[in-house]
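Here we start with a single chain on its own, the form predicted on its own, put down as C-alpha cells.
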C-alpha cells in the first residue's frame, strides 16, 4: 500500500488513537479496540502498524514519564498528526461516497 492510502487496520488504529486523545499507548489502544470492536489484537501487529503510521507521518509519539507501576518503564504515547487527520477525513469521505452511491434497491437486496 502506498503512502496515500490507509489499510483497514491502519484506519482503525488511527481512529482509536484519536478516540484516546492523549492517552493512546500500546495496551490502552489494544483494550479500546477489543472493547469497541470485539476483536482481539496482538501487541506485535499493533507495534508494526504504529511504526508504519509514524513512518508515513500520520502519527507521532513521545515517551511519557517513568512510573513505579511499570517498574520504571516509560509509556510511548501516540497522537494523530495534521497529515493523519487529513488522511482520516479523506478516508471517511471516500467511504461515504461509496455508501451514498449504492442504490437503495441494492441495500434492500442484501438486507441493509
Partner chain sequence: MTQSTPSPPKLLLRFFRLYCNPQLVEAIEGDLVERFEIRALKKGQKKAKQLFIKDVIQLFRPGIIRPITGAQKLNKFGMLKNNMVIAKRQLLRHKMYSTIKIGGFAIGIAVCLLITLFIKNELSYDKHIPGHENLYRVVNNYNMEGNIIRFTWFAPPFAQAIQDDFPEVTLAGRTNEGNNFGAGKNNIRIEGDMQNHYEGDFIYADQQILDLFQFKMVYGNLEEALAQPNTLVMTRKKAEKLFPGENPVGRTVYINDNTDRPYKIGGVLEDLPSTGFFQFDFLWTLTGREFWNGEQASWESQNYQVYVRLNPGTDIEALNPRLSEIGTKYILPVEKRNGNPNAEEEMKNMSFSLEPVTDIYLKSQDISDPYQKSDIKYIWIFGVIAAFILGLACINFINLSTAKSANRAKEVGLRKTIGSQKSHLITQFLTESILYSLLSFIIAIGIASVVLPYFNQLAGKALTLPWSELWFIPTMFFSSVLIGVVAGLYPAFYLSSFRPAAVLKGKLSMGSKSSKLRNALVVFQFTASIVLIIGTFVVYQQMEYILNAQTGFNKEQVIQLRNTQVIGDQPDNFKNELLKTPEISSVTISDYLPISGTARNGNMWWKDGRTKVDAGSSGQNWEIDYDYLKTLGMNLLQGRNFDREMRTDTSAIIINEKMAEALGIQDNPIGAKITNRSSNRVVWTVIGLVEDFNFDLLTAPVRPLAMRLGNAPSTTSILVNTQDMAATIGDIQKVWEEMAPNQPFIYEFMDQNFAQMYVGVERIRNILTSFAMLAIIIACLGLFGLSVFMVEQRSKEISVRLVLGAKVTQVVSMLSFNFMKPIFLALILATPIAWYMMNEWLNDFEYKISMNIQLFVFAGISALLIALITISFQSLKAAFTSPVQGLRNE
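Residue numbers count along the first chain shown, from 1. Quick caveat: nothing in here was measured; it's all calculated off a predicted structure.
Note that the form predicted together with its partner chain isn't included here; everything after this is about it.
- Message: Within 4.5 Å, heavy atoms only: does residue 36 come near its partner chain in the model of the complex?
- Response: No, residue 36 is distant from the partner.
- Task: Give a yes/no on whether residue 57 approaches its partner chain to within 4.5 Å in the model of the complex, heavy atoms considered.
- Result: Heavy-atom contact with its partner chain at 4.5 Å: absent for residue 57.
- Look up in the model of the complex whether residue 45 has a non-hydrogen atom within 4.5 angstroms of its partner chain, and give yes or no. Looking in the model of the complex, residue contacts with its partner chain include residue 45, since a heavy atom lies within 4.5 Å.
- Evaluate residue 31 for contact with its partner chain in the model of the complex, applying a 4.5 angstroms cut-off between non-hydrogen atoms, and reply yes or no. Contact check for residue 31: yes, within 4.5 Å of its partner chain in the model of the complex.
- Message: Between 80, 53, 41, 87, only one gets a heavy atom within 4.5 angstroms of its partner chain in the model of the complex; which residue is that?
- Response: By the 4.5 Å criterion, the partner-contacting residue is 41.
- Message: Under the 4.5 Å heavy atom criterion, name the residues of 66 to 91 that approach its partner chain in the model of the complex, in sequence order.
- Response: Read in sequence order, the residues that approach its partner chain (within 4.5 Å, in the model of the complex) are 69, 70, 71, 73, 74, 75, 76.
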